[in-house]
Structures are given as structure tokens and as C-alpha cells.
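First comes one chain, alone, set out as C-alpha cells in the form predicted alone.
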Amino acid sequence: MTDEGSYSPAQQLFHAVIPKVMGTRLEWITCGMKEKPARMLWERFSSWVSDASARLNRFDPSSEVSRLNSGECLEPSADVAALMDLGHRYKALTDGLFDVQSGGSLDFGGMAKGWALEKAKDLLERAGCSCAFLNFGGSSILALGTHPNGPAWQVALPDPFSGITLDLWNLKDAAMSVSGNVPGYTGHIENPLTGERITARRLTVAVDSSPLRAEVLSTALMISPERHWEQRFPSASMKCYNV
């Protein structure tokens, strides 16, 4: 179910939520747009992301990804083919530590959220929106411009085990991705080269101009925190937290 959203004329602020899409909650905020174009923009993106989520859901036997994983002779859609190509590219750039084909099956996971935020960024910029904040469940974030009442969009990173704030990140025209293990959800990230499940009490953050690249890097850093990723990806800021 898609939220119709609410609009504040005084601040020209539009806010909407999809309770569950791509496996989590999506919050959407735009500032500085008149109500009609703000709503039209949201309707366009929410329709697209809901459709993409359904096609990429590997847990739904009727989805495109599930049908491909089952061995059905199916020509991938343009979006899925593009994601597969991007997956191959980032697999090479991370020396195989990022791989969307785990055990021979497609699993786009967090990459799909980064890809969706890339689409949103392009849509927002084309519409002339320079102030927006999109949040997929706290783990995939896009911040355009600055907060209406401050110099940046400030994001708190909580320790999932204690609830204490570990750090504050100030985002401006940037995307942030968080990977890691939390209570009740540990070992979901696998090293594709060894099959090892990463069970360390660790959180990793990657901030980059590209939401998709941020997703890839937070995962790669989670698997191999000892590597000097900044040398290969100088546009990114990365940090590892042992919790």
C-alpha cells in the first residue's frame, strides 16, 4: 500500500512513506516544490519502486528473479539485465567480494536499494528538486542539498546492541549505506570467495555521491575491513565500527 503523503505549504515540504518495499520501510521527503509537482513526482517513483520490488523479490516464486533462479528459460527484463551487468562490474572492482550471484542464484539485496536511489536521484534532479531526503529503513539513504533548517542532513548511527549513538554523519548531496549484524539478524552477509558467513559484531558505513557505489562498498568493507578501499574508491568515505 502506498501512502498518498502530506504537504506543508508553509515549508513546501512533502512527506510520504511506503511501509514495506524492497524488504523495508521507505521514507520520502522533498522540500521547495509546489504541491502538485511534488505529488506527481512521488506517485511516479512510488509506482516504479513498488513494481521493481515485486520483480526483484527472490522470496516470491512468481517474481522475475525467482523464475530466473529456478532455471526457467526467461529473457531478463531491461532492469534485471542492467542490474546483472552492474553486479559483474562491481564484482571485478571488489576482487570478487561483492557478488549478486550467491551460490549460482541471483540476490540483489541491498544493491537493489542503491539502484532505486540512483533512479530517484535522477528523477529528482530532472524535476529541478535540489532538496530531498530518502531513507530505506536507515540502511540506504539519499540526501540532496541541505536540511531546510541546517547546513546538512544529519543522520545518527545507533549501536544496534545497546541503542547508544555511535556516530553522527552530516550528509549533503550524498548517499549513505550501512551494513552489519544486528540482534536477531546476524551472518546474512557472506564472503563469496570462501562461503564464510560474517558474524562479527560490526557495522560499516560508506558515503558516496553514488547510492549504488555506497551499497557495494559498505558490503565489501563488512567482509574485508582491513583493505584500503579508499585507495581504489577515492570519492567515498568509509568507516568500520566494532560493536
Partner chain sequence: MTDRRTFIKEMGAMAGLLTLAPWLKSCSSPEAAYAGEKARVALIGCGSRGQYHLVLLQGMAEAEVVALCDDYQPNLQAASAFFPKARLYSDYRKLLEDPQVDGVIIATPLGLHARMTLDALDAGKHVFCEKAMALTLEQCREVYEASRNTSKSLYYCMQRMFDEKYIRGVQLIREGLIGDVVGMRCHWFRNADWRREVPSPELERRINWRLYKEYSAGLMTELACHQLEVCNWTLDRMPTEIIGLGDIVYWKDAREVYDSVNVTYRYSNGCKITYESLISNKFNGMEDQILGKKGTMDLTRGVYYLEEDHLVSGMRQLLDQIRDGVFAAVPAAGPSWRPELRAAYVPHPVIEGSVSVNAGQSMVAADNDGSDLVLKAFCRSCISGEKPQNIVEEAYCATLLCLLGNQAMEEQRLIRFPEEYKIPYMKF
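Residue numbers count along the first chain shown, from 1. Everything numeric in this text was worked out from a predicted model, so none of it was measured.
In what follows, reference is made to the form predicted together with its partner chain, a form of this protein that is not presented.
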Is R89 close enough to touch its partner chain in the predicted bound form, meaning at least one heavy atom pair within 4.5 Å? no
L157 near its partner chain in the predicted bound form, any heavy atom under 4.5 Å? yes
Might G137 be said to contact its partner chain in the predicted bound form, defining contact as any heavy atom within 4.5 Å? yes
State yes or no: in the predicted bound form, is some non-hydrogen atom of G96 no more than 4.5 angstroms from a non-hydrogen atom of its partner chain? no
Look at the candidate spot formed by G150, L168 and M176 and say whether its partner chain comes within 4.5 Å of a heavy atom in all three of them in the predicted bound form. yes
Under a 4.5 angstroms heavy atom criterion, identify the one residue in A54, V182, M40, A200 near its partner chain in the predicted bound form. V182
Its partner chain in the predicted bound form has a heavy atom of only one listed residue within 4.5 Å, and of V207, M33, I29, L68 that residue is I29
Stretch in contact in the predicted bound form with its partner chain, which is absent here, among 137-145, 73-81, 96-104, 119-127 (heavy atoms within 4.5 Å): 137-145
